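Only one chain is included here, represented as structure tokens and corresponding to the form predicted on its own.
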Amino acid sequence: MTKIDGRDATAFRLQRRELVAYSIAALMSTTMVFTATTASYAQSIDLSKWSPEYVKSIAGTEEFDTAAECAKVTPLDYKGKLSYWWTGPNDASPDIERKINDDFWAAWKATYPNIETDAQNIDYNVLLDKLRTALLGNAGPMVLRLQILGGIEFSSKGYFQPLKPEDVGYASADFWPGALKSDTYEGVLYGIPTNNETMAFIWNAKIFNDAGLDGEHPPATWDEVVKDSKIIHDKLGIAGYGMVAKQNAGNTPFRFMPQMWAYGGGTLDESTDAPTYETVMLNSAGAKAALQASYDMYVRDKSVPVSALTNTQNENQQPFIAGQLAMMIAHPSEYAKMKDLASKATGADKAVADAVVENMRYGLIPEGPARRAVVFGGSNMHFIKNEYVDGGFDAGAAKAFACFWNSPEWSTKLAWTGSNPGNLRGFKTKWMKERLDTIKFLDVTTSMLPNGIPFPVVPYATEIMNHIVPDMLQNALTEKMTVDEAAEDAAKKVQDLMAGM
């Protein structure tokens, strides 16, 4: 069993928050009709009871034998070849993530010793472009784990094979309907959700107190984020909110879209109960209000990092651990990362870093006039069609690997610090219980799952989120355009995409 050395092993206590409850009918309203039959959503988990208490109550209640389950899909003595691309741990990842990654590959080799495996860990911001190039040259991998944003682009172009959980030994009912939706194109499922991400709001309670604010009660709304960010900057001379606005980087839409949805905007109508993806909303009043709030923080108040235009979330970590940044959006893994950074600090920096870790707080992402929202993120696993695979597609090896990775065991372990298992049965494992007992604040991001909104399920979603939305932000924040002009320009670009221009 994996342990987190040096981390707080006591049971966490719930922070101040709303307890999230919602009906199964509301959840089903966000789903589509899938090729796999699902008589009831969440065969193993009752989503209508979803709350931190319910998640704690089911953790550790069942045992799972990964090898035995996967042997039913592909015999354990199967001989074959596998090529796999994914974005795994990097230098900025907590040590525990790198250890679990090593544990996974050792377990995979021990379980399927006769499957020769070529696995490439490719940077998040490089993977999409590398895949596009490889597929044009018929040199893709057999199996791919791709960020949730990218799948429909390749499914719509005919690169991916139809793929549903049943193909690798699992039930579609044991995956979030919203996650399956992100893999469905024209009624056909093309992938398996490997992990589901929802982030939370992180703040330094001491900074809030030092600025005359209540460190135990963070901004409840996005309007309050703007206000508190200015107060912190004006009184303490440091950045209030950790804005991220880098072009062509996935971190940007993951942090700006919750703000836009909260104000009632969107790229298309993805935030509605029954989206058609035919209505452009980037020039809506809600979208402009969100963009105005970002403009106010960056240009008017100068209360966010000047480097926000080129920042990813990684660039927020150093100022946060140094006590120079008050609040940001991120995963529970930020806590593990801050613990790592504090353990490596020395001298006066060590005292500052330890104080930051002690004063870290997590809560729900602020709400807006329309809703509380977070990106329903994560990644999906795909099988590439034989003709686009370098060396051809080995179905036995691919299915064995997909079963192994998406098992309740590894779906949970591989999501250890920053995500949630894609396979809902993972919430019942002993590893989920261990995570809840050892990872501070994990319950908060899990609580955000019902507020998750998937990116638009359209082939050009990557272009919208990685280029058009960041460009809109850049145009407004650099004052190249007014807020209205930037929003209208972005809406026009999306309309052109929809028209095939």
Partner chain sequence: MSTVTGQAAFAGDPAVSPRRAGLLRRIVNHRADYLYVLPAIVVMLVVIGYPIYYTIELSLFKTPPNLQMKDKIFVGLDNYVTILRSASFRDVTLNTLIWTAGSTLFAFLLGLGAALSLHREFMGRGVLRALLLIPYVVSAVAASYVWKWLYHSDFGVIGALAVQFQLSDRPINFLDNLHSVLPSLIVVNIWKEFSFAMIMLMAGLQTVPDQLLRAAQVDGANAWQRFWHVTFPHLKSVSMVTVLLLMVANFNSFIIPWIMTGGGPAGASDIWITQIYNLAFGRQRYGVASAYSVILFIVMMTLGYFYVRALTRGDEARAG
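Computed from a predicted model, the values in this text were never measured in an experiment. Residue numbers count along the first chain shown, from 1.
This protein has a second form, the form predicted together with its partner chain, left out of what is shown; the following refers to that one.
Student: For this chain shown on its own, do R145, D223 and Y263 all sit within 4.5 Å of its partner chain in the predicted bound form, going by heavy atoms?
Tutor: Negative, none of the three is within 4.5 Å.
Student: Can you tell me if G187 lies within 4.5 angstroms of its partner chain in the predicted bound form, counting non-hydrogen atoms only?
Tutor: Heavy-atom contact with its partner chain at 4.5 Å: absent for G187.
Student: Applying a 4.5 Å heavy atom distance criterion, does D129 contact its partner chain in the predicted bound form?
Tutor: Judged by the heavy-atom cut-off of 4.5 Å, D129 is in contact with its partner chain in the predicted bound form.
Student: I'd like to know if D390 sits close to its partner chain in the predicted bound form, meaning any non-hydrogen atom pair within 4.5 angstroms.
Tutor: Flag for D390 set to no.
Student: Do K72 and its partner chain come within 4.5 Å of each other in the predicted bound form, heavy atoms counted?
Tutor: Output for K72 is no: heavy atoms all beyond 4.5 Å of its partner chain.
Student: 243 to 251, 91 to 99, 336 to 344, 209 to 217: which one contacts its partner chain in the predicted bound form at 4.5 Å, heavy atom to heavy atom?
Tutor: Stretch 243 to 251 is the one.
Student: Ok, F383, W86, F256, Y298: which has a heavy atom sitting within 4.5 Å of its partner chain in the predicted bound form?
Tutor: Of F383, W86, F256, Y298, the residue with a heavy atom within 4.5 Å of its partner chain in the predicted bound form is Y298.
Student: Let me know the one among G80, P275, P162, P319 whose heavy atoms come within 4.5 Å of its partner chain in the predicted bound form, would you?
Tutor: Answer to the contact question: P319.
Student: For the stretch 157 to 185, I need every residue with any heavy atom inside 4.5 Å of its partner chain in the predicted bound form, listed N to C.
Tutor: Contacts from 157 to 185: K157, G158, Y159.
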